[in-house]
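Below are two forms of the same protein chain, given as C-alpha cells: structure 1, then structure 2.
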Structure 1
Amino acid sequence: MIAHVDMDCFFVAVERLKDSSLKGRPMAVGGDPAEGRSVVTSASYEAREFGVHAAMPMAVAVRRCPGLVVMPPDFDLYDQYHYKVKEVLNAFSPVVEMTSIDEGYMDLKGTERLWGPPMEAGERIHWAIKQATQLDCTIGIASTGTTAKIASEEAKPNGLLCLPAGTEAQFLAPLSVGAIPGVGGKTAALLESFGLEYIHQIASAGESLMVSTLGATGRWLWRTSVGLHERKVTPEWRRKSISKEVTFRTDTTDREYLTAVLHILMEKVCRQLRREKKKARTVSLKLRYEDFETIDRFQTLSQPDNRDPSLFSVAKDLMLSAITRRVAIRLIGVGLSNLTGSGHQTELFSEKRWLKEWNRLQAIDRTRRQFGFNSLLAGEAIHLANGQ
C-alpha cells in the first residue's frame, strides 16, 4: 500500500506557529498587495470561505475578503519544516518521495510487522508528524499512489482515509474528473464535451474507447478511473532544470534594462548550477508580453557549460531574436536544462583557460555566500545593483 501525506494549509500553518495570534483569522501567504502583481500562495480555510484561493491575484483576494491578513512567504522556514516532515516519514518507511515542499508519498510495503496494518500505520504517522512539527496533515492510503493522493485530497483537513484493496473504483466513482491529479480546467472541459463529468463515466466508457479518442492520455485516465494507474515512489529525485524569472512592477520595452535583468538572472542561475556541481547544455529564455502572450526560446550547445559569460551571451542572443513584437514586456526568465554532473575531468587538464575561469567563478561564488549576492556584479548588471 502507498500512503500520500499532505500538509494542511502548509504555509499558513507554519506562519501560525510563528505568531499564534493569526489563528482563526482569515489569512493568506503571498506578496504584498500594495506592491502590486502578487498572487495568493496559500489561503487559510477562513479566507477560503470568502472565495480566496491559491493563485488568485492578491488585489482580488483583498477585495473579496476585507481584513485579510497577508504574510510574506518565509521559504527558509517552510524548508525547515519540510525536512522535519521528511524525517518523520523516513522513520516509517525506507521508500519515501517528497514531491513538493508540503507533500510526499511513501511505500508501506514490508512495514506491517513494525507499524501494523495500513490504517494503524497511518494513525501513527499522523501522530508522529503532529508531535514533531505541531502541524496537521492529511493522509490517504491506497493500493496505488494516485488513488492515495485522491484519497488524501478528499479527507482534508486533518484526516486519514485508508481504502481497502478492491474498493478503489467504488471510492473514485462519484468524484468529478477534476479530482484526478493532472486533470485541470482545460482537460476537464474537454472531457465534459464528451459527456464525461464524473470518474465513473470514464470507467464505463472503457479503455479502448478512451484510447481511441484521447490516445495515451485516454489510457492513463481510464486506468486512473478504476484505480489501476501506478505511480512509483522514487526516493532519489534529480532536478532536470534550473530557472529564474521576474515579473516587472511596470512593463517595459527597454532592451538595455531587459539585458541587465537577464544578466542578473543568469548569474543567479549559474551560481546555483555550480553550487550543485552541474553543467547545462540547453539555455532557455522566456518572455511574457503585457497581453500575457508567453514565448520560450531554446538553444542547445554542443558542450555542457557552467560559466555565466558564455551562457549569458547565448541567452542574450535568444532574447534579442525573440523580441519581435512592439508590445511591452512584463516578465523575463532564463533557464538551464539538459543538466549533467559537472564532470570537468577532461577539460580540467586539456584547457588551462577554462580552469582559470572556473576558479574565478568559484571565488565569486564564495564571496557571495559570505557577503550576499549584490556584493559582486559584473558589467551590465551593475547599474541595477546601484539602486536604479
Structure 2
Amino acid sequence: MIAHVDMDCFFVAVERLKDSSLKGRPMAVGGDPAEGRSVVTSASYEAREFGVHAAMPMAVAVRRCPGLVVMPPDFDLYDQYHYKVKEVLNAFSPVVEMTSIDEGYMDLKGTERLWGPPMEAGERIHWAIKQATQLDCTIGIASTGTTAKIASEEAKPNGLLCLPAGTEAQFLAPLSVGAIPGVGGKTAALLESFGLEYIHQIASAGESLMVSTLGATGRWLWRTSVGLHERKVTPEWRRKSISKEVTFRTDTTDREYLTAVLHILMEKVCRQLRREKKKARTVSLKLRYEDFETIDRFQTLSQPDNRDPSLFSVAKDLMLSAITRRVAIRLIGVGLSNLTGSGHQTELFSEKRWLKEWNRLQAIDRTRRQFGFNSLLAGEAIHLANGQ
C-alpha cells in the first residue's frame, strides 16, 4: 500500500503558527499586489471560497476577495517545517519520496508488524505529524500512488482515506476526469469532446479504444481509471539535481545586484546540499532576458563540492560569460547536479584551510537554522543590505 501525504494549505498554515490572529481570515501567501508579476503561492480555504487559487495574479486575487490578507513568503521557515514532516515520514517507512515542499509518498510495504494495517498506520502518521509540527495534513492510502493521491485530494482538509485493495475502480468511477493528476483543462476538454466526463466512462471505453484514440496517453488514462497505473515511490536520495531561481520585480542590468542575488541562490542550494549530505560535480546557470530569450550555461568540476565560495566562483564566471547583450534581465537561476555523497578526501597541504572553511560554513548553517536565512549575509550578497 502507498500513502500520499499532503500538508493542508502549507504556507498559509505555517504563517498562522507565527500569527494566530490570521486564523479564520481569508489570506494568501505571495508577492506584493502592487507588483505586476506577483502571484498567489498559496491560498487559505477561506480565500478559495472567493475563487482565489495558487498561480493566480495577486492583483486579481485582491479584486476577487477585498478583505484578503497578503503575506510575503518565508521559504526558509517553510523549509524547516518541510524537514520536520520528512523526519516523521522517514520514521514510519524506509521508502519515502518528497515530491514537493508540502507533499510526498510513502511505501508502507513491510511495516505492518510495526504500525499495523494501512488504516492504523495512516492514523499514526497523521497524529505524529500534528504532534511534530502543529500542522494539519491529509493522507490517502491505496494500492497505487496515483490512486492514493486522488484519495488524499478527496479527503481534504485534514482527512484520512484508506482504500482497501480491490476497491480502487469503485472509488474512482464517479469522479470527474479532472480528478486525475496530470489531466489539465485542455486534456479534460478533449476527453469531454469524446463524451468522457467521468472516470468510469474512461474505464468502460476499454484500453484498446483509448489507445487507438489517444495513444500512450490513452493507455495511461485507462489504467489510471481502473486503479492499475503504478507510480513507483523513489527515495529522495536519488534526486539528480537541486536548483533555485528568482524572477525580479523589475528587469535589471545591474551586474553588482545580479551577482549578489546569485550569491544568495548559491548559498541556499549549497546549504541544502550539506543538509542532505551531498556534493555536486556540475554547476549550471540560467538567465532570462526581458524579451524572454533564455541562456543556459554549465560547467563540470574535476572534484565534487558543496562549499558556497568555490561553487559561487564557478557560477559567477558562468553568469559573466552568459551576459552578452545590453538587455535587462528578468530571471536568474542556479543549479547543482551530478550529485554524490559528501565524503571528503584528505589532502596533505590544504586540509587545515579546508577544515577552517568547513567549520565556518557549519557555523553559518547553525545560525540560519536558529534565526532564519536572512539573519546573516555573506560574501557578495552583502550588497543586498543596501536595500537594492
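C-alpha atoms forming the largest set that superposes within 1.5 Å between two forms make up the rigid core. For residue numbers, the reference is structure 1: its sequence is counted from 1. Computed from a predicted structure; not experimentally measured.
> So which is it, 1 or 2, that shows the form predicted together with the DNA?
Answer 1, the form predicted together with the DNA.
> With both forms fit on the core, has residue 309 moved 2 Å or more by CA between the two structures?
Yes; that C-alpha moves by at least 2 Å between the two structures.
> Align on the rigid core first; then say whether the Cα of residue 62 has moved by at least 2 Å between the two structures.
No, the C-alpha moves less than 2 Å.
> Superposed on the rigid core, does the Cα of residue 284 end up 2 angstroms or more away between the two structures?
It does, since the residue 284 C-alpha is displaced 2 Å or more between the two structures after the core fit.
> Supposing the core is put in the same place in both forms, how far has the CA of residue 333 shifted between the two structures, in Å?
A shift of 7.7 Å.
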